[in-house]
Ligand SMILES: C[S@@+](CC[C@H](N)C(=O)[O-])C[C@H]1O[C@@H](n2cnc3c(N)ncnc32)[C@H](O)[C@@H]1O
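The chain below stands alone and is given as structure tokens, in the form predicted alone.
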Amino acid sequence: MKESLLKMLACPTCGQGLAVEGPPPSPEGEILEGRLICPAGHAYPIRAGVPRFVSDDAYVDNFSFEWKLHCRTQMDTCESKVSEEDFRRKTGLLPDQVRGKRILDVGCGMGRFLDVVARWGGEVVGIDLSYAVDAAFVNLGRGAGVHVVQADVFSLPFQEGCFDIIYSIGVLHHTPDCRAAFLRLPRLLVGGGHVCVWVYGRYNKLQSFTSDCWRAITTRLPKRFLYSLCYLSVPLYYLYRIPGIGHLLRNLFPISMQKRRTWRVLDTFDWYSPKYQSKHTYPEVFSWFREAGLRQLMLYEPPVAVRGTRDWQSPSQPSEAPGSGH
């Protein structure tokens, strides 16, 4: 953790500022151990360089498991910029809109999009409920302008009006209440700031039905056993590419169609393992943005991707969204 993160943090219990107690920073300026404490006495540990505002990974232990195994799988390389292209398509943001901005990544995982934003020149804070934060810190947390925090979207430890841009790509639909999770975000924006989300679409009804039937079984399986089963996606990929029969099979038993086999296994596990997985439509997500007082709504190609802007004098956000909590 960098001391510069303190100017953004607030106690999630009482909203007051936080101070650091513990050993001095490392020679690189990182606070690796200690605790954060507010004037009211609420304290939160810093472990392995990451502030921890939760006691465990709650309902997302599958993500803690998968990102430990795939801590670098989705990171861009000199030869491949898949994550950068995904970020462009699902947020509509370009490097000039990110450079010099303060940005929040809600559900950062092992840091694939933190990497994109940092390369584009933004100061970015990544939060995640899972222990993927440990992989994210190792991958990127010591880099200039990158901060990693373990926290719950329903109890965010940040000051209001703190960020220029907030994005959440493929995460909110894995919370107990996607709408309530979204409504926690806009109050953290400055006036004129943007919030961008991508959540699963509910447009392929057959695939949604069959995958939900399979998930009724797969979410009860031991994680390691399910992960082993996901290696079936390696040969099935070639069968699913056969015209006609492949399309039918993709709807009856969906798998990732990523070309890279390790990424394919990861994405298939990511689909079948989470406890929560909701699907949505553009009108439904639009209604959340309007409820939060966001304007200038823009939609993007991969369903459901939406971006909105907070008014310079936005109405106050709800302090507690209906249906929130665990």
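Keep in mind the model is a prediction, meaning the values are calculated, not measured. The first residue of the sequence shown is number 1, and the count goes up from there.
As for the form predicted together with the ligand, it is not shown, yet the points below apply to it.
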Check: Pick from 38 to 46, 283 to 291, 61 to 69, 22 to 30: which stretch has non-hydrogen atoms within 4.5 Å of the ligand in the predicted bound form?
Finding: 61 to 69
Next item on the list: Using a 4.5 Å heavy atom cut-off, state whether Phe154 contacts the ligand in the predicted bound form.
Entry: yes
Next item on the list: Give a yes/no on whether Ser130 approaches the ligand to within 4.5 Å in the predicted bound form, heavy atoms considered.
Entry: yes
Margin query: Is Cys230 near the ligand? Define near as a heavy atom within 4.5 Å, in the predicted bound form.
Written below: no
Notebook entry, point to check: Heavy atoms within 4.5 Å of the ligand in the predicted bound form: does Gly170 have any?
Noted result: yes
Checklist line | Within 4.5 Å of the ligand in the predicted bound form, all of Gln74, Phe113 and Asp270 (non-hydrogen atom) | finding: yes
Checklist line | Position in contact with the ligand when the complex is considered in the predicted bound form, options Gly122, Gly193, Gly109, Gly141, heavy atoms within 4.5 Å | finding: Gly109
